[in-house]
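Before any questions on binding or motion, here is one chain by itself as structure tokens, the form predicted on its own.
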């Protein structure tokens, strides 16, 4: 029997054009077809590269400086990529130099919103999606008092709590690379926290995730985030008590119950 005769197509194959998810792979005998096996290995390599690659922070900083809000370059307490992956706790706190930097930049009267861009677990996501999302989001934030933009490396989501607290921000929004999936190595997540402070737990956050061309489009993400930020400031809360109720279907934003990055 020839290899062609051994291959069996999946009955769901027609649905693959609607999603990047790994569905309807078919089979060749008792195994995956060679094309699908090689595709899996390629996707796995892309996910590993997204995690291990260092962020091109200099290029990103140039783009972030254009809005004229001021820019703070920050680092967590992780001294290397290996330590970042092995010690999530160190990625949740600023190094001493970064604390001093923020203390010098903090507005005397605080701010409504602090925005942080961080590498997280996918530098590719931040390099591809962060600047377009900022460009769409900042015009929507007209009327809010914004703190200086922050660019943080080797950062976890909770690093934004300390940043927001030092800047005297009512709320903090961190745009961060999410843990890569096998079909989404460049997915950006956005986490909103009202009254941030070190030790904040994840039920107090809202998350808009999978921000990328093949997932949630930039314009839709910016609209959701603008709504959540303004509702958070108006109602004085975030997390389980704050839902995205602007959509026609009344769907709520993704709620974080476990820190993903």
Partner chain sequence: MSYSATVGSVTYRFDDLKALLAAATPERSGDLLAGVAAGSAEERAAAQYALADLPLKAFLDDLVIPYEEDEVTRVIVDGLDYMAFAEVSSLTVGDFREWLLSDSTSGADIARISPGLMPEMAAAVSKIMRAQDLITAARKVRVRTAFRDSIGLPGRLSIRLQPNHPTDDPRGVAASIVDGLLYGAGDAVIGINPAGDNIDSVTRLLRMLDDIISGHGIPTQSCVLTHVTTTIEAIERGAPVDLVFQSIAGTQKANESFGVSASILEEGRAAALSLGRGTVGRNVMYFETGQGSALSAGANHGVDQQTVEARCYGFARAFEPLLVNTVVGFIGPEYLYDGKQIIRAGLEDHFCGKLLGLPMGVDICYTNHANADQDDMDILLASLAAAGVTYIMGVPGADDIMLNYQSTSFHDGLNARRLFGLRPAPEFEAWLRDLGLVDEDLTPRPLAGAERLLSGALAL
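Numbering follows the first chain given and starts at 1. Given the structure is predicted, the values throughout are model-derived calculations rather than measurements. For clarity, a rigid core is taken as the largest C-alpha set superposing within 1.5 Å between two forms.
The following text describes the form predicted together with the partner chain, which does not appear among the structures shown.
Each of 74, 97 and 204 within 4.5 Å of the partner chain in the model of the complex, by any heavy atom, yes or no?
No: no residue has a heavy atom within 4.5 Å of the partner.
According to a 4.5 angstroms non-hydrogen atom cut-off, is residue 142 in contact with the partner chain in the model of the complex?
So residue 142 does not count as contacting the partner chain.
My question is simply whether residue 31 lines the interface with the partner chain in the model of the complex - judged by any non-hydrogen atom within 4.5 Å.
So residue 31 counts as contacting the partner chain.
Taking heavy atoms and a 4.5 Å cut-off, does residue 70 contact the partner chain in the model of the complex?
Output for residue 70 is no: heavy atoms all beyond 4.5 Å of the partner chain.
Please tell me whether any heavy atom belonging to residue 48 falls inside 4.5 Å of a heavy atom of the partner chain, as the geometry stands in the model of the complex.
Taking the distances in the model of the complex, the answer for residue 48 is yes, it comes within 4.5 Å of the partner chain.
Partner-proximal stretch of 180-188, 132-140, 158-166, 107-115 relative to the partner chain in the model of the complex, 4.5 angstroms, heavy atom:
Looking at the partner contacts, the answer comes out as 180-188.
Out of 13-43, which residues reach within 4.5 Å of the partner chain in the model of the complex, heavy atoms considered?
Counting only heavy atoms within 4.5 Å of the partner chain in the model of the complex, the contacting residues of 13-43 are 15, 18, 19, 20, 21, 22, 23, 24, 25, 26, 27, 29, 30, 31, 32, 40.
Superpose the two forms on their rigid core, then report whether the C-alpha of residue 26 is displaced by 2 angstroms or more between the shown form and the other one.
After core superposition, the C-alpha of residue 26 moves 2 Å or more between the shown form and the other one.
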